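As structure tokens, one chain now follows by itself in the form predicted on its own.
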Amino acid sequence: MLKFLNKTRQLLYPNVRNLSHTVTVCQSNAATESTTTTGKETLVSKPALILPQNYAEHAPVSRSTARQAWIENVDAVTERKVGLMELHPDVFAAQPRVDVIQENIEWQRKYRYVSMAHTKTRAEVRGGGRKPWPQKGMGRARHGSIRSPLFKGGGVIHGPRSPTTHFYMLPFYKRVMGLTSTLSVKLAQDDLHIIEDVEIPTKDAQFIRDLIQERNWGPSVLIVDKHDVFPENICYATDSIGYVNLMPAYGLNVYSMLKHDTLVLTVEAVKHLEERLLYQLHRNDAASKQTKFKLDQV
């Protein structure tokens, strides 16, 4: 199995016929070698997973930038590599456009912000109903109310009126590029980890704390799965931990990925993200998404 993993050239340029045979041989070898006896207990681990990338539907721009990541276990605190997954270079090896990432952050911060600053006009200020002095004869300037903007305590001209929204829509492909750039940056900085699933063996929050400390996952962790219904154990375990959050794959965004130090994806979440992002990058009606934003645009 180790010899196969070292041959990255064969994994980067997979031959369907030879690869399927190699995978079956590696899995059979791993199954025979994984049965070990330690004292009174016999530990039988699952065969190692080798998940190659399928380039048949969406060919990458450059195969020389292919990326691979280990699949880790979550059934115990001790780290164990249970497989190897090849990541699509168009999603996880994109050009890190820091300017596009910054535009996504500004967009996400502003589209949900509503300013409540409010000033009163001369019609809303209390008092000033009568004319302060006669129109003529006193040698003074003509005024109709002491609540005019010219007077102290009067109304405000062109002041802020609440609620004021700062909503605007970022271009569609800048949003897509923001996701691919952020995922690529997370992987390049070794802040992206892939796990089998989110099935942990206990509801105890200490298990998650020990897991994060053992894996060096940083001060804050975002765990992403394909589905929005998470198992009961991980929901109870992370409920009292403020720096660990759960999120479905359809809600993944640039702001949340950068807000958390470590991004943890399940295998299903990785496949789902690759499928959706590759579809957007290679869709036939891309020109229609570059037009002015409409409310029914998805």
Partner chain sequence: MAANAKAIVNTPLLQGLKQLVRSLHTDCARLSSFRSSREVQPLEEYPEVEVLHNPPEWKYVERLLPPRTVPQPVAKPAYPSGWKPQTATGQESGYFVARTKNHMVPVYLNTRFRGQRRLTIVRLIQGDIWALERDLRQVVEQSRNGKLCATRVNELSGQIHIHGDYVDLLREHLKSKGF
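Only a predicted model underlies this, so the values are computations on that prediction, with no experimental measurement involved. Positions refer to the first chain, counted from 1.
There is another form of this protein, the form predicted in complex with its partner chain, and it is not shown here; the text below is about that form.
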Self-check item: residue 58 within 4.5 Å of its partner chain in the predicted bound form, heavy atoms
Solution: yes
Quiz item: Can any non-hydrogen atom of residue 173 be found within 4.5 angstroms of its partner chain in the predicted bound form?
Solution: yes
Quiz item: Given that the partner is absent here, does residue 203 sit within 4.5 Å of its partner chain in the predicted bound form, heavy atoms only?
Solution: no
Quiz item: Might residue 95 be said to contact its partner chain in the predicted bound form, defining contact as any heavy atom within 4.5 Å?
Solution: yes
Practice problem: Could you list the residues in 270-287 that come within 4.5 Å of its partner chain in the predicted bound form, counting only heavy atoms and keeping sequence order? | Solution: 275, 276, 279, 281, 282, 283, 284, 286
